[in-house]
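Next up: a single chain in structure tokens, the form predicted alone.
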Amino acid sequence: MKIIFLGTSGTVPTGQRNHSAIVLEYLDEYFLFDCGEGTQRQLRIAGVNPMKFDNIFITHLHADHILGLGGLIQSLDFMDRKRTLDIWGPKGMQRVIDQILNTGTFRLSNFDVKVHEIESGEILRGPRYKVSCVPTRHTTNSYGYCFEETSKRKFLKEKALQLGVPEGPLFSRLQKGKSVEVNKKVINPDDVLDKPIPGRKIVYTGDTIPCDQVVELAKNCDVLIHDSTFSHELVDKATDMGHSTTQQAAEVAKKANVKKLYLTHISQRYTEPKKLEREARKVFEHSRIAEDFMVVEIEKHW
């Protein structure tokens, strides 16, 4: 599992930072979170094939988080994509996509775009993961996302043998969570499986004021990617604009007991962003400023 930061700027891009966009790769499946203007060019520079995306998650409907969708969808059509593209976002997402697909003279011809207007809770489940969301405090319709790997239970082979289960197909059934019968005795999966080991967990807030919903969503996560638009000396401005400071992001990370914090959505006013990193580290040691094209590998739990 790895994270690729494509865009880490605030509302206005800079020479070093593009608009918001983050790629998560898991078992060769690619997920895109937010799609600011210029995202498809960032993908090309990062060496990520946009044809691999089946799911795009949008945190809110501000221009710096959605204006890359039009160009990306058009390019996918030119590349002869056939698979449906699922786009997840807050109420109003369908209207935005309808407008994008009817802008100018381009008309989508090779694949379908399916829009899912989300509410709090689990929104997508794959074979080995789930994606959930919570409302954040930025606009009336803004959400943060959690990508969580399915927990795993170690198979206790010696215990199974002691219970009389022979090696072979019955082992496989128990590992898949199904009961088996041996010598007229039912053996349940709980009899031969260890306690669940939590999977890897990534949380991305999008733009937000610090809030309890994010703290709860991010509990014990491997990586928290949090809005850190301003230094804490501008905390009043951050609150007025619906954003967080670096110190506030660090406080959320500390409360949630996360392993690592990455600061993103950095205002153009900061030409020396390491200052922001140092500020956050005073509160939460494992804080780091995100940079465009930074790649973060998430180690396995088992």
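Keep in mind it's a predicted model, so treat the numbers as computed, not measured. Heads up: residue numbers just count along the shown sequence, starting at 1.
Just so it is clear, the following notes concern the form predicted in complex with another copy of the chain, a form of the same protein that is not shown.
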Q | Region of this chain that lies against another copy of the chain in the model of the complex, out of 64 to 72, 51 to 59, 25 to 33, 250 to 258 [heavy atom, 4.5 Å] | A | 64 to 72
Q: Only one of 183, 109, 99, 220 comes within 4.5 Å of another copy of the chain in the model of the complex by heavy atoms, so just point that one out.
A: 99
Q. Taking 89, 120 and 264 as a possible spot, do all three reach another copy of the chain in the model of the complex with a heavy atom inside 4.5 Å?
A. no
Q) Just to confirm, residue 41 within 4.5 Å of another copy of the chain in the model of the complex by heavy atoms? A) yes
(Q) Residue-level question: is residue 292 within 4.5 Å of another copy of the chain in the model of the complex, judged on heavy atoms? (A) yes
Q) Do residue 95 and another copy of the chain share at least one heavy atom pair within 4.5 Å in the model of the complex? A) yes
Q.
in the model of the complex, is there a heavy atom of another copy of the chain that lies within 4.5 Å of any heavy atom of residue 45, even though the partner is absent here?
A. yes
Q. What are the residues of 12 to 30, in order along the chain, with a heavy atom within 4.5 Å of another copy of the chain in the model of the complex?
A. 12, 13, 14, 15, 16, 17, 18, 19
